[in-house]
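To begin, one chain is listed below as structure tokens, in the form predicted on its own.
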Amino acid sequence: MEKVVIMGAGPAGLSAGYELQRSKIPVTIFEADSMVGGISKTVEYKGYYFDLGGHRFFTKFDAVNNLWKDVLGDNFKKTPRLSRIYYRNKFFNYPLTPLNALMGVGIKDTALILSSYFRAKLFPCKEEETFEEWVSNRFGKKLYSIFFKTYTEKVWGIPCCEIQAEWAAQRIKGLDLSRAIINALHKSKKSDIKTLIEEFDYPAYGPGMMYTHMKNRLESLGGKVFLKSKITRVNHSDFRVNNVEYIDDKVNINKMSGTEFISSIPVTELVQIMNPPPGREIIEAARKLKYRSVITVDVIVNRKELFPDNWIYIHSPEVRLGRIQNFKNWSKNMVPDENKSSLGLEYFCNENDDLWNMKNEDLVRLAAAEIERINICRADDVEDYLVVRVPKAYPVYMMGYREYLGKIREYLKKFSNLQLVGRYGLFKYNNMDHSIMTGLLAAKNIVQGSRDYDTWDINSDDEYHEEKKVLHQ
């Protein structure tokens, strides 16, 4: 009988564990946090529920959709989607639509955008290695500087000229300036312009509800989930993992053996706790990979209504705030008092930088001042708050990362009983459903006694998974 040890109880690790336990294969999961769900957990504070960012439940994977429905059933709510960009005291469509963007920036900037666009088409950058080059080639430098540069650099903390072009290729879809202009001039009746889904499923009490239920289901089937239990060492020989060591909530050092192992912890950490350690080249490659962290300043606002969006991207460079979640517009259950609202104010940062080390009371003062500055509400409307720091939330697609990750991948794929899953484990900016799919495939490999499915092959966005084609008659 296989005995599977899973490192990390985020969406990928839990999904793998649940699938295995349903197949009657014993599973033990170790999670360093006090809650399951990873970056998809939901934090409760005084009856208010806060996500660590927004997590939409939409997928093209039938297996993932079936899993969600099996776990939550009627606890899913249909949620209308609205998200916009805030820039220069105006709101723009998100994802960006060309005519909306051109009409919103004014005549002067529209002229500059168009001239810059045609210049890019006539004299494109020959190589597209960076985010800046990729975007500028398609939309011109003016549109790039207005709608892409500021926010992207807020998120990643490095210049756009140091971000790999594939980030843009994965995430920017459906924006075609020339097609929009032609359609506008000719008033074409037919179009294959892509739009986003207009609604999505969402748990009544946030995504954490899904993973708490999944944990409970897994345990009811005989599986074990140990919280506040951090993996500190992975012991192996002849490219097989033998056991893991972990520190439990009583600070005891323990050991757990297994026949199969699945890791969803940051791959950079995994490499550094391998015993015996890999070669110096692998260790150095792991040190060069970077994750971006986020702080959510969750505030309770003494206002019944604020804005209609689920979330807003803040492109305005005069504030450090990156994104705002309006949880009442995700689910009414997230806010216990209908006369109040709650917001998740997201600040992207690096561990141990000035934001990360800022005192909580100073962070909420900064956040309150900034939402007043961009006309969301008055600073004194904020009556309570909760600060959550999320380390290593986003893998950074900096220049050269593929080379470093390739070396690590080549080393770890030599292990016959170790599979990597999830955003952290694979160092991929996966959407939640992609991460879950990696967990399901890892479980399927174990159930079938094969390695037919390679979790590394689940791409974050071969085709933007929320798009649909519509025809305008």
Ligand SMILES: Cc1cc2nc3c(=O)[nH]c(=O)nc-3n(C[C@H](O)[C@H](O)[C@H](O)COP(=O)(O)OP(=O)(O)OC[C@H]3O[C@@H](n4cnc5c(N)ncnc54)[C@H](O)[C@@H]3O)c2cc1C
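Since we're looking at a predicted model, the values are computed, not measured. We number the residues from 1 along the sequence you see.
Beyond what is shown, the protein has a form predicted in complex with the named molecule; the following relates to that form.
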Next on the checklist: I'd like to know whether Ala16 contacts the named molecule in the predicted bound form, with contact meaning heavy atoms within 4.5 angstroms.
Outcome noted: no
Next on the checklist: Using a 4.5 angstroms cut-off on non-hydrogen atoms, would Gly53 count as touching the named molecule in the predicted bound form?
Outcome noted: yes
Checklist entry - Can you check whether Leu20 is within 4.5 Å of the named molecule in the predicted bound form, heavy atom basis? => result no
Checklist entry - Looking in the predicted bound form, any heavy atom of Gly344 within 4.5 Å of the named molecule? => result no
Next on the checklist: Which residue, Leu440, Ile446, Met432, Leu405, is the contact with the named molecule in the predicted bound form, using a 4.5 Å heavy atom cutoff?
Outcome noted: Met432
Checklist entry - Can you pick the one in Val135, Met214, Ile265, Val299 that has a heavy atom within 4.5 Å of the named molecule in the predicted bound form? => result Ile265
Item to check | Candidate stretches 356-364, 392-400, 299-307, 105-113, one within 4.5 Å of the named molecule in the predicted bound form by heavy atom | outcome: 392-400
Item to check | Stretch 411-425 - residues with a heavy atom within 4.5 Å of the named molecule in the predicted bound form | outcome: Gly422, Arg423, Tyr424
